[in-house]
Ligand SMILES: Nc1ncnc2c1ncn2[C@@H]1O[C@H](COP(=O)(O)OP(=O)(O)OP(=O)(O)O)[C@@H](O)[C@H]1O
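The chain that follows stands alone, in the form predicted on its own, written as structure tokens.
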């Protein structure tokens, strides 16, 4: 079973948004997925309610996720996606401790090295692979990323941390589709947003396969 934990001590980084879109993209009748909302704010739970379906299944993990993850393993769940609150509470540290891969969203408007470093330090201490995702940034122009994105990559490079080569662009469709309880691919499968989420999902899959020793190519994560 693969457990993808979205964590960052900084609020507004986009954890709930990425959790929702990736889970909606990954979920298939042949691929059993589970959502765990460990954030008391409940953004993931609200999206699931708007979705109006039982798929993927959702569990409340505010009081802890370890037992839920273990039950999912026993149930034969293939992928678990955990949204966490913007702190380093017991719920967050417990979630990271169950992770196959920790995804740390970084957003330009709220970029905070101290917050990012604290999450990374705990992942490293827990010996959990992790990767940073640059989120909600200006679009590429002529296939060239914004100078602001380049600057953030340079700063993160100084921290010696793995950063996904792609980006999640600031697009209205990301929030609009969530209002309909959908992911980007479900809302418009031909949209640039759907392509970005697909690319991120492919990177997650490659990293997870490498973590399990089934893939030896380029990956976005680093073993902690």
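Since the structure is predicted, the reported quantities are computational estimates derived from the model, not experimental observations. Positions refer to the first chain, counted from 1.
There is another form of this protein, the form predicted together with the ligand, and it is not shown here; the text below is about that form.
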How about residue 10: is it within 4.5 Å of the ligand in the predicted bound form, going by heavy atoms?
yes
Open item on the list: I'd like to check something about residue 175: if you look in the predicted bound form, is any of its heavy atoms closer than or equal to 4.5 Å to a heavy atom of the ligand?
Closed with: yes
inquiry  = With the partner left out here, check for me: in the predicted bound form, does some heavy atom of residue 131 sit within 4.5 Å of the ligand?
reply    = no
Decide whether residue 116 counts as a contact residue for the ligand in the predicted bound form under a heavy atom distance cut-off of 4.5 Å.
no
**Q.** Within 4.5 Å of the ligand in the predicted bound form, all of 27, 56 and 73 (non-hydrogen atom)
**A.** no
Note: exactly one of 136, 152, 120, 101 sits with a heavy atom within 4.5 Å of the ligand in the predicted bound form, namely 136
Within 4.5 Å of the ligand in the predicted bound form, heavy atom basis, the matching stretch of 152-160, 167-175, 58-66, 27-35 is 167-175
